[in-house]
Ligand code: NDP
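Below sits a lone chain in structure tokens, taken as the form predicted on its own.
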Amino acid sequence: MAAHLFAIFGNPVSHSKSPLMHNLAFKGLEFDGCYNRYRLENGEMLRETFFTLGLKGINITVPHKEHAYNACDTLDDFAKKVGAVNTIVEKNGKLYGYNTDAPGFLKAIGEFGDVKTVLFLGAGGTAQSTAVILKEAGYEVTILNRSAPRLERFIKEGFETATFENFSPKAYDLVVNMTSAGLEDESLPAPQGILDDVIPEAKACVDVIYGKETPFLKLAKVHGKPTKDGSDMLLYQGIIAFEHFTDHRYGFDEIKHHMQKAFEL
């Protein structure tokens, strides 16, 4: 058995490529670690489950990122600011929380070049952290969500927000699905009428879901738009998480060399 055990917590989680990514890096870098997946039904049980399984670190995916935040003893400055955690490391019996989603996403969309205005579809934990880091990097971010309560945090932080009922479409350089719509079904992240208004004006469309062409990305292609799924974001956030897991023993490019093989198999 490996000296250090890691996992991804989520629901659903069977589709996750994280175990393959991290295990390839552990093997390639000769680090004595093993990474598995765990379907967590109740986010309130995250901390207890972590210790029961004897883990050294975890990644957290939907719908448990806010539970992960509450489970931590110590948060790094960025995780504290955005209120969402997707990476936890155990140190001396304490849980340390980080957010690697946002820097991973920022690096991924930087490859599009000239993007200034961004529309997020959804207001969950990933949207929270990513909106903050994009704003700090000079992007103008608007959050569109089905219901109003989740938008309150964004409003307090100065973001432009709207619900499906009061949204007034305008041109955005990038339209991003930040929800799980289309992961296990054929649903869209917003009413098609709204999407048919905003997608034609966009330069590109991004879906944080990876490994399948979602209905959102299919619609973007119907409108002739360049698309990107969540693979690059997943890779980059995974590399940053791996740095935390291994106490920054390895460099970004060193980890990437092994981890990116998960997308070539």
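Residue indices: 1-based, along the sequence shown. No experiment lies behind these values; they were computed from the predicted model shown.
Below: the form predicted together with the ligand, not depicted.
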item: Heavy atom within 4.5 Å of the ligand in the predicted complex - residue from 68, 239, 40, 208; value: 208
item: Proximity to the ligand in the predicted complex, single hit among 107, 80, 135, 150 (heavy atom within 4.5 Å); value: 150
item: Which of 168-176, 123-131, 70-78, 109-117 lines the interface with the ligand in the predicted complex (heavy atom within 4.5 Å); value: 123-131
item: Residue 33: touches the ligand in the predicted complex, heavy atom cutoff 4.5 angstroms; value: no
item: Touches the ligand in the predicted complex: residue 180 (any heavy atom, 4.5 Å); value: yes
item: Interface membership of residue 189, the ligand in the predicted complex, 4.5 Å heavy atom rule; value: yes
item: Any non-hydrogen atom of residue 91 within 4.5 angstroms of the ligand in the predicted complex; value: no
item: Output flag, 8, 95 and 97 jointly within 4.5 Å of the ligand in the predicted complex, heavy atom basis; value: no
